[in-house]
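The same protein chain appears twice below, in two forms, each given on its own as structure tokens and labelled structure 1 and structure 2.
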Structure 1
């Protein structure tokens, strides 16, 4: 057989040239939809979109998928033998996007700003334990704690509040009363922003690390679920990303379409309903356990999530550290539920639609976030199940801020909630239960074990004994399970729907981040 090598060489050159030409003209910007505005991106407060804060601000260390840490703004670190002193050696080639040098002095200024606003960070045990942040020299930062604290590295790695903003953005060296601008060291800088309409992020031209391939990321605010999907179909956006941005049926529909790709993360957190033990109808554990037995997690998993979210038997999945406790699940059993309700004194009365006690009908309300695609559907399902055993359940949807305020005030009978997922579970989620910052604190006030629950959480966070820490967490999780404070529903997953040409879509260890820096066309 005769090969014309000269001709073959020409073909290869043309192919290589074509590939190079194609890549050089590849799209380098992306448009995606979010259900709300980016809001306040001050990294030391909590009201901004976390995925946006993660694009602008960086931490000293990366939290990896396998639970380990790798260098970020810190090149290396050491921990003293008593676990109370952390010393970080910082990179010397980092500047904020306004040109200010990042060093131990700017890092100290940032962490001091967080510490001067302790009241805002009460959920974070670490903030209470830090006694001093010290710039040992220009590139050595030392942090001293009053007690050893095992989640320290995790809590400085997460998106907020321990990330770094330019000193020029601070107001009199503080951030608690707001900031002048959103300037970080991250791979992107915030460009044009029109509140409640759009926000543009441009690649940081002075970024010290690997430059992101996508030079521009535009976020459009599209509040309505169906409008987001229509925008994707019409080519107005390239990506929808997040846990509650698309319902299971639509996700399945797009999975069958040639133009699009669909991706789903591993389980990231627990979808739960919180029962308020201080409310008279829910103060009896028999009632709370009865409610656990009338909710079929299997039906919710199959009927509402098309099996994309696994039924949840416990507050936290067994793969979460310290949560594999072999707790006995509350199985779907309406007869057992009715027995428990009778035992609690809520009995059926001839001629009455709902069970009665002391002449009053059983009636409670479940609140849901109207911005979350699936919560209303689950609430309607639960309403039907309550009706089957003679209990009246009202359902009420409201905008997220009102819903959050209601949780914090404890103004609810039942309310949807989530665990915080990795890397926050279990330590940060449980720590948040100790103070009136979230609905958990108020919901648990009816438990006689509440003081012991809080004490065990505090002790577990500073324990240096692994077995003792496991035993302390066991008491907390076992007590909350037996007292039926939480109804675990499913284990949530992050979802993405994108045009097929978008590559590099991944899910970060934290459910709240979107790794745009890895995406490309």
Structure 2
């Protein structure tokens, strides 16, 4: 007989089993799209993608969302009473993915390599303050600072530059002139990488911690927003993740689709407008407060960002450490604004289009980065609101460098800006206000409290007393709020669009990380 029944039975059994086995093993690899290549993943420099560096390299401590720290490569740590000596007890079971042991000696090699390139890291106060890194024994690392500095722990926790690369990857014990390979201790190792095309990350088989469920993460470079969305829709990629990776309308469209899920993080950074307190028309706090009252953040959030960015009541969102201060927001109230303007002496005069004071009309200019579409739209909206209460707002877009030069020189009435974002808010953002290279410094020069603000920020950074630090930051944020130096517009949020079957999508305390180790199908 050509077709034997027993054969058919065997085939059926094999088929059933193969189906079962397919079902019992969920997909364990993921493909996601990024807008550019991973580039140079040297952990001690800044030209690589941070999410990729975060997959390969680890810190001594974890920075948690609530501002606390938990052990990572360090099991425990102690801080001396004067706040100048940090002693870390390191884990003993950690190796780099090339087999080299991670211990106090390799940790010291890494930090010494960072410190030998100080000029690159001047934005991190801590690098300037470290006087010595010492391997006390094989698993005890000690760091001495010239003065106490509370953000030290945050700055060693962030993705760069204080993470650890294998000593074998270094060139003559240095990393500032490049590295030979990208070998870390993290849950993933870098596999195949084709510049500007894709990069593959495989689960690290010798990882010391909980092994990630996704065995393989493939990043495809898709530069164009629309192409990325079409690739997701077709099933070529499983995930799109990031702040500016998808426009608000498309996010809305995907959230209505059955096959996909959309997620939004808590606020990660603040979109703001700076008012220059040194300019004659903005030197009066009544005028600045009046301007705060004529901007409806809700309209901007809904009308311009389609709810993808949340309306901002204060400079820092309340989920940011030290920023939950119950400050009274400036509500949208044009009547109140008009009263404040009258009080400031800017009154309506018959026959004149704009409010006048001492015979001069009110006229100021808002500068924006002409490469950013949303800033122009917000500027136009603000122009309209100004018009309604009898104020003239000129808007002026310029090329990015010109716009930055203007900020630095303080040559503006009003200008757009964005805070540094998590995990650098508030400490690094506030610290930057003391430096003449940022627009904040120039905008605040007209405040009589400016010396006190700067002094308090400096003091908060070195204070070892949590309560005192809270009070110092409260003074700074409260003063800036009451003096109406910043117009908080919206809070930017991280966004993710993924296929429905992908579980465990979370947002990390740092806006730049993508927690792949928690994802699974």
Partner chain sequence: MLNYIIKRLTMMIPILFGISFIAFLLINLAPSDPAEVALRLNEIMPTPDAIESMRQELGLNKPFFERYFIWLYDVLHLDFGRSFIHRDRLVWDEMIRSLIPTLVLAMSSFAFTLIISLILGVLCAIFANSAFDHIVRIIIFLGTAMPSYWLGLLFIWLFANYLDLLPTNGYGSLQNLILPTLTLSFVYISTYIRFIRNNMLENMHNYSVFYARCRGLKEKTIIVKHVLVNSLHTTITALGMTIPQLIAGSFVVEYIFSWPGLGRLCIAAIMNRDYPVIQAYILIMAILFVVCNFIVDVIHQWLDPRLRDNGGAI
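Between two forms, the rigid core is defined as the largest C-alpha subset superposing within 1.5 Å. Numbering follows the first chain given and starts at 1. All of these numbers come straight from a predicted model, not from anything done at the bench.
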**Request:** Please state whether structure 1 or structure 2 is the form predicted together with the partner chain.
**Result:** 2
**Request:** Verify that residue 356 and residue 470 are, or are not, members of the same rigid part between the two structures.
**Result:** yes
**Prompt:** In whole degrees, what is the turn of the smaller rigid part against the larger between the two structures?
**Reply:** 29
**Asked** After superposing on the rigid core, how many Å does the CA of residue 439 move between the two structures?
**Response** 7.9
**Message:** Superpose the two forms on the rigid core and tell me the Cα shift of residue 320 between the two structures in angstrom.
**Reply:** 3.6
